[in-house]
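Here you get one chain, nothing else, as structure tokens; it is the form predicted on its own.
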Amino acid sequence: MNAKVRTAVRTLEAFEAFGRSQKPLTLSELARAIGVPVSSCHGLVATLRNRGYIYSVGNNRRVYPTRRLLDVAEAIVRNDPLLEFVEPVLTRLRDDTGETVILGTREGDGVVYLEVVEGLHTIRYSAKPGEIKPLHSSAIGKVVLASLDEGALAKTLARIALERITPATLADEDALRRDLEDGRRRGFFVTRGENVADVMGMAAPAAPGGQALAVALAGPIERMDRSFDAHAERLLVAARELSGLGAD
């Protein structure tokens, strides 16, 4: 990893550390949180302070992010060309089912959540945009795997570790392939406690503006099972609506 990339990673890790701690940190506390020497952390904090992203709290021994990062993030999200026109479809799917709705895509050998519309129930599946999930244990990941031709699928499965995330994870290649084939026949893909215990996910491919994405529903297995067919029908309708967006 070159120096510029390492600095970028440390910057992101620093903000994530504040997100976890939710309180001001001393230089040494921040250094421990991101796993770097205090001297390196000092330079990082000085740069962020000079750019207005961090300020000193109290006696200057502790630091905390300013709201500048939030302002920048909000400006980015407000003008996201994808989320602007998919949001109504995602929200309607959430309202129709009551469950959490996720839009995601492939990112390397995983999937990244681009948008999450939280469910309406008190007990629900919770996630955040930017979370990375495995290909083999997530419903969106199965959409990705099923879209690959045989050669690409074989290479991907040989490269990724079919880690057993939960006792229900399909860590056997033959079992996973059978599950992918079932999903292709149905038009949507299902996980039952394979990525998060007691959570069912179902996902279908969608291509708003021609982008290869997937839309998913997720919630407690027992509740999802009770409305399985109705939820699947609504999911497929939403996937078709999303695929029609941005088409000239």
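Since the model is a prediction, treat every value here as computed from it, not as a measurement. In case it trips you up, residue 1 is the first one in the sequence shown, and so on.
Keep in mind that the form predicted in complex with a further copy of the same chain is missing from the display, and what follows is about it.
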query	finding
The unique member of A175, L120, A158, I132 whose heavy atoms fall within 4.5 Å of a further copy of the same chain in the model of the complex	I132
4.5 Å heavy atom contact, R68 to a further copy of the same chain in the model of the complex	yes
Non-hydrogen atom contact L48 with a further copy of the same chain in the model of the complex at 4.5 angstroms	yes
M200: touches a further copy of the same chain in the model of the complex, heavy atom cutoff 4.5 angstroms	no
Residue contact check: T11 to a further copy of the same chain in the model of the complex, 4.5 Å heavy atom	yes
Non-hydrogen atom within 4.5 Å of a further copy of the same chain in the model of the complex for each of G35, P88 and S137	no
Stretch in contact in the model of the complex with a further copy of the same chain, which is absent here, among 177-185, 219-227, 27-35, 206-214 (heavy atoms within 4.5 Å)	206-214
In the model of the complex: members of 63-86 within 4.5 Å of a further copy of the same chain, any heavy atom	Y64, P65, T66, R67, R68, L69, L70, D71, V72, A73, E74, A75, I76, V77, N79, D80, P81, L82, L83
